[in-house]
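Single chain ahead, written as structure tokens, the form predicted alone.
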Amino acid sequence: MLGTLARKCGIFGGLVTMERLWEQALGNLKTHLSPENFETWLEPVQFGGIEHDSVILRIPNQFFAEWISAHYLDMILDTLRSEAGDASVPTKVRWELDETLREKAQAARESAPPPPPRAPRPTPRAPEMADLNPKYRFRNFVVGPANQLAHAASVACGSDPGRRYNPLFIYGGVGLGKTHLVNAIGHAILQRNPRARILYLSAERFTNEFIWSLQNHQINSFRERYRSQCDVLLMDDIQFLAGREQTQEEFFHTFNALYHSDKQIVVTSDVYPQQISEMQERLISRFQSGMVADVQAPELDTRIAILQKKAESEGIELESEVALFLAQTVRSNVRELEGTLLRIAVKAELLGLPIDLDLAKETLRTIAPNQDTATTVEDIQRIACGYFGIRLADLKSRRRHRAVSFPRMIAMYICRQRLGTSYPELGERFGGKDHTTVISAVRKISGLVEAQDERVLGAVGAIERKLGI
């Protein structure tokens, strides 16, 4: 598969051939990329060895070099270094065009999603209907203070699409229920109108289909599909479009065409619209013109309710004390919470044991050895005060002097990022502050982290190391 080079390379211990190293790196990359992206962009690439200070990669055409350089190059080099176990892997890449790889590139492109047929289908349903997850319905979504607004807006969209909240922008951290709500909207619309043409996909897939249509001269079919043959557009992870100017341009016109036709648009993101870096201002403006709702980490009572609902749906007998323990221990996101319950249930079934508190604690120790000393808000506050040399009373006070406000913002940021504590709860734990104050603090520190601010990175890193995070 990978060229003709068969020599050993001393910098990798003299035992691993270059081809084998590349195969190992590909295997690693495959687990981190979607099948569409891996087959389209990495499978056609061949490893040509190492020469001087450069890794040689053979590609079908120059477009591959530009796309891989922009999106995957750092990941490829990091993976090679990781697989080699040696930091001396070159940090440069030399691209070599190889026309014999065109057939392989074409085969990879053919595995990409096909364009819509030119003739109308017998049924008006779009092929993405089957992509809606049947498990994600409003009836099994647990509502709490942290997601109440997003849930209410989603229900409204599902009952009256294109009229009440359009567009609907849902944002929040990983595993908090954004995808559940988007799927539930799709199901609710189909229940009322089985002939509704719904497109549900990720922004990553939209990008890949757009690129495929350009390469294969199918852009008109692509536009017809998204602008004329669509009643509802549901798109996950819109932040994926950041920095992709041409794709953003296409999505902007798609958005306008649907919006002016009163077609419902729902998008999700991991951050607030204005926090998406390298996103066109006019797109951000469009997102903010409708309803923007956030999904926060669930509170304790909501986490217990989520566990009980999951246990009921899976036929798991869950004692209240076990549910309380899990809810107090796993606080980061819903997905991890439900996954922990299922792991305990599987272990109980394999060992023929009841799901009790001892089994839950033992399983949690296996999954997270430091769980017995789980980090709390108080731990973070105490370490932050020690790092900055201030009193806890000052951290919780209303003083706005930078010597106090900066450590407070750092502590709030770490609590939010590492514990998933809700904004209202953080406000209470930091001296009864309004949740909007906490939101502002977290956003400011997030921006400084993204900007690689040395003081902020140093403080966050030092505090997390002391906490053992």
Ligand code: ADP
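One-based numbering along the sequence shown. For clarity, every value in this text was computed on a predicted model and none was experimentally measured.
Beyond the structure shown, there is the form predicted together with the named molecule, which is absent from this document and is the topic of what follows.
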*Of the residues M279, V142, A153, M235, which one places a heavy atom within 4.5 Å of the named molecule in the model of the complex?*
V142
*asked:* Can you work out which of G243, G162, P273, G173 has a heavy atom no more than 4.5 Å from the named molecule in the model of the complex?
replied: G173
*Contact between A293 and the named molecule in the model of the complex at 4.5 Å, heavy atoms?*
no
*Partner contact for F388 in the model of the complex: the named molecule, 4.5 angstroms, heavy atom*: no
*asked:* So, R331 and the named molecule: in the model of the complex, are they within 4.5 Å at any heavy atom pair?
replied: no
*Is R227 a contact residue for the named molecule in the model of the complex, using a 4.5 Å heavy atom cut-off?*
no
*Exactly one stretch in 394-402, 209-217, 134-142, 190-198 has heavy atoms within 4.5 Å of the named molecule in the model of the complex; which is it?*
134-142
*Sequence-ordered list of residues in 292-320 near the named molecule in the model of the complex, where near means a heavy atom within 4.5 Å*: I306
